[in-house]
Structures are given as structure tokens and as C-alpha cells.
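Next up is one chain by itself, shown in C-alpha cells, the form predicted on its own.
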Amino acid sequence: MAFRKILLFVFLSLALVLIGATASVAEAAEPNDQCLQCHSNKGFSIEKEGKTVSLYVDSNELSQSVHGTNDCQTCHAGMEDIPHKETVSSVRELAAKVTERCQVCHADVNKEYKDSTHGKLAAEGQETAYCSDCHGAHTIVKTENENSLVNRTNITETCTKCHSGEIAESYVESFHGKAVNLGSTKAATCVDCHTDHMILGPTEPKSTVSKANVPETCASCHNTAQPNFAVGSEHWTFEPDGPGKPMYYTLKFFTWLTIATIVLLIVHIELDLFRKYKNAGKK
């Protein structure tokens, strides 16, 4: 009888422990579950700046991201009240606010970002790139993942969302750009030259692409990089003026040379056929 009481006591104790653990897990998951009650609905949206902005969050993608175990409050601080009181006035303001929250965990990276051109513009309240612009928002995965926005296969597309036009065109047409597009894992991407977070303009002394530092930057891939590496221009386009002038006229020359060669070849073939036709008629 006493043994049964002891066994029953042990069983009840284990049951209480399991119930308590389950409750703790449920309590820990409660913040995200509460958020996703609204944000997991695909049609959930608001009007901002005259545009319909989706507030939908794919719960599966969120759970598979590097922040899948974080509470929503980690990035979206001050959103405890429902409906939310401390909302922002624009999508870009939200990106800036979340970037401030990134420094809570990524303090070392944040210091580099603040000292970069992007960070300085952000501090001045000007339009610039925030963390979510490069890394994404709810679908952030490790750099090694081919789906990552900052994976070497995607980084050019990510950078050219802002740096479009001549800069994007010049890189895509360059040897580096063509090699990367063809699958090279050694050719330089944007971050190989400009770094990832400590990005500075070419006139900044500490910039990896300043005239003084270009040879050292190139030497990270090219073992025989010389000081004259800084003389040329990486971002040139096929224009009749500027750094791309020699390549422009070289391209023009060989284009017309090819056309002329093909035309003369066709003329030669036609004349040869005409001669053979005339000769055949004499027989």
C-alpha cells in the first residue's frame, strides 16, 4: 500500500513537472503566436504614403530564418500593446527603427555600419541603405545559403537595387561581373572590393577603394598587384568620352571590321557562284 502511494506521488510529481514545462514553452512562444494571429494573414495590410503596404509575415519562412527563435519584440520593440500605439509614419522609418534594434545583438557590426557612408547618411536622416535592405527582414539566412541576399551569387543584385545605372552596368560588363555571372567563386563581387559593412567612398582615406588602398585591396585576390592598379577605373562604360573611351572605340572598330569581313565574304561567295554558273552555261 505504501509502495503504491509512493509510486502515485512520483507519477503526480512528474506530471506536474511536465505540465509546468509545457506551460513555460507555451508562455515563451506566446508573444510570436499572438503577433502571428494577425500578421500571418496574407491579406493583412495598411495604407502608408498613399500605397498599400503588406504586413503579412510567412510564419514558415520566419521559423527557418536565423532569427526564427527570437521574439518579435527583439526587433520590433514597443509593440506590446494591441492595437499598436507606437507605429511609424513610413516604411523607411520602420527600416531605420529596426536597424537601431540590430545593434543590440550585432554591436560589433553596428560600429562598422555607423562609421560607413551608409551609417553616416542614416545619422543625418538622409535616404540610405539599412540592415533590412541588404539582409532582408523576416527571411534572413546565413551568408553561405544560396537564398541569402548577401550570398556571393546574389550580392550584385542586392547592391544594384540602389546602385543602379552606370555603376551596375559597368560591373556587369566588367571581367569580374561576367566571371561571377558565369559561376566563378573567385572573381570579385561588390563586397570583395568595398567590404560589407565598412563601406566608404573613394575619396575617404580609410576606404578600401581609395587610390592609396586599391593595390592592397586588389592584392587580396591578385598576388602580383602593383601600385599602377590604382591608375585605371573599375566602373567604366562603353562611352565615347571618359575612362571607357579606348574600349568604346576598340569595340566599334572590331564591330565594323566583323561586319565588313562578313559582307566581303558574302560578295566573294556570290561572285564565285556567278562565275561557276557562267562556266556551266558554256559547256
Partner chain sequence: MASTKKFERFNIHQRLQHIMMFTSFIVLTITGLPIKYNHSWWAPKVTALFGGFDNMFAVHLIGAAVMIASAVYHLLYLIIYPIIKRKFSIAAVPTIKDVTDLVQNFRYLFGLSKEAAKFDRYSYKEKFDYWAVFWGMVIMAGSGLMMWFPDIAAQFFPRWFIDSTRIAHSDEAMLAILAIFIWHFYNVHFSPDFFPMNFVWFHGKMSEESMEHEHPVELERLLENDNSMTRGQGPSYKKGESSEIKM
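Since this is a predicted model, take the numbers as computed values, not measurements. Numbering follows the first chain given and starts at 1.
Heads up, the form predicted together with its partner chain isn't pictured, but that's what we're talking about next.
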* Asked: Has each of 56, 98 and 213 got a heavy atom lying within 4.5 angstroms of its partner chain in the model of the complex?
  -> no
* Asked: Among 145, 154, 160, 184, which has any heavy atom within 4.5 Å of its partner chain in the model of the complex?
  -> 184
* Asked: Among 233, 37, 45, 64, which has any heavy atom within 4.5 Å of its partner chain in the model of the complex?
  -> 233
* Structure fact -> For its partner chain in the model of the complex, the stretch among 73 to 81, 103 to 111, 119 to 127, 174 to 182 with residues bearing a heavy atom within 4.5 Å is 174 to 182
* To do: Spell out, yes or no, whether the shortest heavy atom distance between residue 240 and its partner chain in the model of the complex is within 4.5 Å.
  => no
* To do: Give a yes/no on whether residue 222 approaches its partner chain to within 4.5 Å in the model of the complex, heavy atoms considered.
  => yes
* Report yes if any heavy atom of residue 69 sits within 4.5 Å of a heavy atom of its partner chain in the model of the complex; otherwise report no. => no
* Answer for residue 250 alone: is it within 4.5 Å of its partner chain in the model of the complex, judged on heavy atom distances? => yes
